[in-house]
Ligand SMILES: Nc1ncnc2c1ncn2[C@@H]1O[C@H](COP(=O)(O)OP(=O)(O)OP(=O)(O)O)[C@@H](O)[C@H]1O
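Let's start with one chain on its own, the form predicted on its own, as structure tokens.
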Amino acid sequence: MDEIKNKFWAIGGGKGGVGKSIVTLMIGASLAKLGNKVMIVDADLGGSNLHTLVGIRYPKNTLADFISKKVETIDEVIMDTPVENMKIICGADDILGMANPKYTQKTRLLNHLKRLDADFILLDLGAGTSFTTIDFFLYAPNKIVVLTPQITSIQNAYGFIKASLFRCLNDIFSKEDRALELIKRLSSPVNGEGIDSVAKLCDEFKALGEQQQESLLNCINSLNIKLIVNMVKDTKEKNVGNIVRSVAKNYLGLTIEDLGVVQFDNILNTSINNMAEFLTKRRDSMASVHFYDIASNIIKSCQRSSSGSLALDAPKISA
């Protein structure tokens, strides 16, 4: 995983309507304007729309063509965007069953994606907690969960994080019945006998042996999840991410990093139908400044985990 530990970023969140595609696009554009080669990938195979946002009405080739082997290489589905240094791989929602590709199809796709010549590859995931969405999320070494201050979004963001952890645990211990039974007691009590936190699950795992307990801790520590609170309208709403981080820490044992907050911006909101022009011409958006800060935080995060350098010398976007 070392070769992709900095370049792969998955953007999910569970609930639809929280702005995942806009967040993906704006982060990608900000990273590109900082001089990095960026690939945005519409991994919402059941309802893609990322291409529409960058002004591509009818993609010549899509991810579905690659998955179904109508084209042999991933390079054949790459398209330019209006932003210099940023390219896109379009998704598609017009092929029956494409929203749930087979394991071999997903493996082939991810193997090809990691070979792309890009500093950053951003996966825009679909809504919900389907196995395909969670698998893409878990594959990426860097994971971003997007939520808004709405209570339903907060609940769904936490549910998405929890589903990701349990998907990871069930995969690791898929052949160990005793371990799976303990994990099940954490996810849903059996006959009223539940385990109410990952900390207590770790205690229960002591009986299974040191190796199993170490595998459990490695899974928890490997979930490098970061949080973005989007469409914030007042100071109080900036703190809603603390709710998710606190519950995730206390119940799931996960330490989630705050990647940034994006203020609700009417300029951006009214530009969604013409995002291609907004990305290339508008500089008076406060949201653009916040996305630039988030992109800078992403680069700094990569620099902390690697001695390699990434571009961070472009002028700041002014409000």
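As the structure is a computational prediction, the values presented were derived from the model and not from experiment. One rule holds for the numbers: they count along the sequence shown, beginning at 1.
The form predicted in complex with this ligand is left out here; the points below concern that form.
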item: Proximity to this ligand in the predicted bound form (heavy atom, within 4.5 Å), stretch among 264-272, 250-258, 54-62, 33-41; value: 264-272
item: Complete contact of P149, A157 and V244 with this ligand in the predicted bound form (any heavy atom, 4.5 Å); value: no
item: 4.5 Å heavy atom contact, A295 and this ligand in the predicted bound form; value: no
item: Residue contact check: A127 to this ligand in the predicted bound form, 4.5 Å heavy atom; value: yes
item: This ligand contact at I22 in the predicted bound form, heavy atom, 4.5 Å; value: yes
item: Touches this ligand in the predicted bound form: M231 (any heavy atom, 4.5 Å); value: yes
